[in-house]
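There is one chain below, alone, in structure tokens, taken in the form predicted alone.
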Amino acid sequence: MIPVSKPSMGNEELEAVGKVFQTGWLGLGSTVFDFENILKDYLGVKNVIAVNTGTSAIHIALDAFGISAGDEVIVPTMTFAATIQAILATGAVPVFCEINSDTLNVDVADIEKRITAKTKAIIPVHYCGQACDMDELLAIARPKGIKIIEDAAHAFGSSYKGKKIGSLGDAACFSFDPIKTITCGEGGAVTLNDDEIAEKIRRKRILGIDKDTWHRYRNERTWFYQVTDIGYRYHMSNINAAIGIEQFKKIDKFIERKREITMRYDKEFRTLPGIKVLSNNYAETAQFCYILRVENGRDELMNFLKTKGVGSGVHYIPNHIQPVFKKFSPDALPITDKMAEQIITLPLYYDMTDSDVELVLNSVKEFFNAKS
């Protein structure tokens, strides 16, 4: 079975982890700081704080900006449940918004309609790696003092008008789980230019322990620490950072191969009736996953692909219909509901062979040719 996604790792990552083992310092330390500095240079942002998951990144960013009980956070319902769980962890209320059917990114006009006096943040999701319209989002948020905290879990390596995702909103939150563009095994990061909030996040990621505690990691006053903030055990380990550093060295080839496959898929699928290809800015998008819209028979296609040895998935089941989140559901999200019945995720990963790609293409074509 050709999987929907999988990581690409080799001896380089294994050797890097071995070197961390040899130091005996497995937790937060110099390898994490090295990884942060690499990302800071790549993204063109003043601060990078590495954490243990992308979910932690969103939660700790919201928390550091003071989002709390009674506040509202506007977010697309078409995202992974982690985004919503992070909002709820602060005590805030998720306000679900519509998406654009061409890109599956947020509908900015719909967001503007949902802003109230309680709205304290907007979380746009850069779906499949393609950037949301950040200029429009910032134009409606900044005058009202609303924070833009980007869910960039899909978008490491992507750009918006020539600037890397991660340096545009008030903060951006990345994921480095096993299937992302680069992986740390597990991991995430918050990126931002606000030094004061960045220092708060650094303290919060390791139980609210203040700056003097970093001396412990530099062999200075190893006995001293102060706890000054409510915090969490969200820090990244040296083990995970070592994997991330080696993965980063390969990012250009990862992006290029996935772009090549995406463009091939798009070219072939545009000729098939009953399919809609998402709009894609190839030049600036580091494609995370590949999603098609199937106007009729999505589930039947998934079953057919399985018989051909081709994996598929649905990313995502909208959160407003999930049992635990239903109470936050708005009256109607017709575009999201329609897309939820149409979208299918097809295999896309760096190690896909040309024959794998051909099998996916031919299997989809066979299904639709049989229907016509």
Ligand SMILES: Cc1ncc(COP(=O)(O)O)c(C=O)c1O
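Since the structure is predicted, the reported quantities are computational estimates derived from the model, not experimental observations. The first residue of the sequence shown is number 1, and the count goes up from there.
One more form of this protein exists, namely the form predicted together with this ligand; it is left out here, but the text below deals with it.
> So which of Leu137, Ile291, Ile87, Val125 gets a non-hydrogen atom within 4.5 Å of this ligand in the predicted complex?
Replying inline: The residue from Leu137, Ile291, Ile87, Val125 that makes the contact is Val125.
> Here the chain is shown alone; which of Thr191, Gln287, Ser175, Thr77 has a heavy atom within 4.5 Å of this ligand in the predicted complex?
Replying inline: So the residue touching this ligand in the predicted complex, by this definition, is Ser175.
> Can Tyr316 be called a contact residue for this ligand in the predicted complex at 4.5 Å between heavy atoms?
Replying inline: Because a heavy atom of Tyr316 falls inside 4.5 Å of this ligand in the predicted complex, the answer is yes.
>> Whether Ile149 contacts this ligand in the predicted complex should be assessed with a 4.5 Å heavy atom distance threshold; does it?
In response: Ile149: no, not in contact with this ligand in the predicted complex.
> Hey, in the predicted complex, does Ala153 get a heavy atom within 4.5 angstroms of this ligand?
Replying inline: Yes, Ala153 lies within 4.5 Å of this ligand in the predicted complex.
> Looking at the partner-bound form in the predicted complex, is Ser312 within 4.5 Å of this ligand by any heavy atom?
Replying inline: Ser312: no, not in contact with this ligand in the predicted complex.
>> Please pick out the stretch from 328 to 336, 52 to 60, 23 to 31, 341 to 349 that is in contact with this ligand in the predicted complex, where contact means heavy atoms within 4.5 Å.
In response: Going through the listed ranges, the match is 52 to 60.
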